[in-house]
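Shown below, as structure tokens, is a lone chain in the form predicted on its own; questions about how it binds or moves come after it.
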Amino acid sequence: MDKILVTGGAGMIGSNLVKRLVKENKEVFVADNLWRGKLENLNDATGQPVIPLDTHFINHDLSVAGSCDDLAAQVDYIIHLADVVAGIDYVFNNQGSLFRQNLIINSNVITSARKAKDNLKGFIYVGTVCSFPLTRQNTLDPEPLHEEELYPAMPESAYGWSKLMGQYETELLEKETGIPTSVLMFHNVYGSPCDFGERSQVIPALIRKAVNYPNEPFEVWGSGKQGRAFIHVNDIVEALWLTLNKGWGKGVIQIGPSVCTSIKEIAEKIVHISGKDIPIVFDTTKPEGDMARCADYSKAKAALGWEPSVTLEDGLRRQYEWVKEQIEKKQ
């Protein structure tokens, strides 16, 4: 039985991945400091943890050097999801600390992997399309991004830069130790379980506002013209599973759809799902981030046999029902 460490394993992507790996009969360890993740995310439908929390969940601050050494030494694979990220407001108001924390977290986990080179069979690093040059994301009618366009580097945000540096150090890890690695660059992931509070990203934030309306105004940050390639967490988990099985040594692979959907369209779809008569208000004083982007996922299809399967309408409806249920539980 393969032993796999998932950093950030109590978050949205991590917890869904952990459940998939357990279902596939893997022994899974989770390292997470619960900054955004929650232990309850690791429960199954009956409310029971899918891993033994006393031995396989470790509340580690990965920004502390050596904190991952003991775990790396006892597993076969590491899937590194942990980072500091939140909604656009948090990202652009905390760029210095976010950049530093992610550099340290990434370097510490990669250093632990380096020390465990004699037993480690593979290391998967999860990057972000925010690392692509701003010049490829500054039009409202974008051409799909290609992996070879990553350099010359010019990310818009400190978050994009920090993730790119971790990606580079992962490449060094493979060159210098021979540990097989894979780098996946995710587009905008949504799904549940998720943070839908002050630090939430755009889809859960808009869903929360729709559920709470009229007690909370349905306000969209920016003009709404900005667009993203939204990808459901189930499709992300499938990409990670395929990578674990056949994605080694194939360079950078971006994971996302070829369709760019505007935030205005997302807001309209959420209002429709809510069944409420909600006026959409755009606050152009708030940040928008990159203007638009989408993926050419042909490499993912060729290398992994991966392509998106969850439609945006279906994914939004699932997430709306989940957020609505969580809010109703608290009332």
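Position 1 is the first residue in the sequence shown; the rest follow in order. Keep in mind that this is a model prediction, so the values were computed, not measured.
Although it is not shown, the form predicted in complex with a small molecule is what the next lines describe.
Trainee: Report yes if any heavy atom of His187 sits within 4.5 Å of a heavy atom of the small molecule in the model of the complex; otherwise report no.
Mentor: Result yes; His187 sits at the interface with the small molecule in the model of the complex.
Trainee: Within a 4.5 Å heavy atom cut-off, is Ala10 in contact with the small molecule in the model of the complex?
Mentor: The answer is yes: Ala10 has a heavy atom within 4.5 Å of the small molecule.
Trainee: Answer with yes or no whether Leu34 is in contact with the small molecule in the model of the complex, where contact means some heavy atom within 4.5 Å.
Mentor: Taking the distances in the model of the complex, the answer for Leu34 is yes, it comes within 4.5 Å of the small molecule.
Trainee: Is Leu134 close to the small molecule in the model of the complex, meaning a heavy atom pair under 4.5 Å apart or at it?
Mentor: Contact check for Leu134: no, nothing within 4.5 Å of the small molecule in the model of the complex.
Trainee: Tell me which stretch of 215-223, 79-87, 149-157, 165-173 has a heavy atom within 4.5 angstroms of the small molecule in the model of the complex.
Mentor: Every other range fails; the passing one is 79-87.
Trainee: To verify the annotation, which of these, Asp61, Asp44, Asp283, Asp70, has a non-hydrogen atom within 4.5 Å of the small molecule in the model of the complex?
Mentor: After the contact test, the surviving option is Asp61.
Trainee: By the heavy atom within 4.5 Å rule, which residue out of Ile203, Val126, Ala113, Ala239 makes contact with the small molecule in the model of the complex?
Mentor: After the contact test, the surviving option is Val126.
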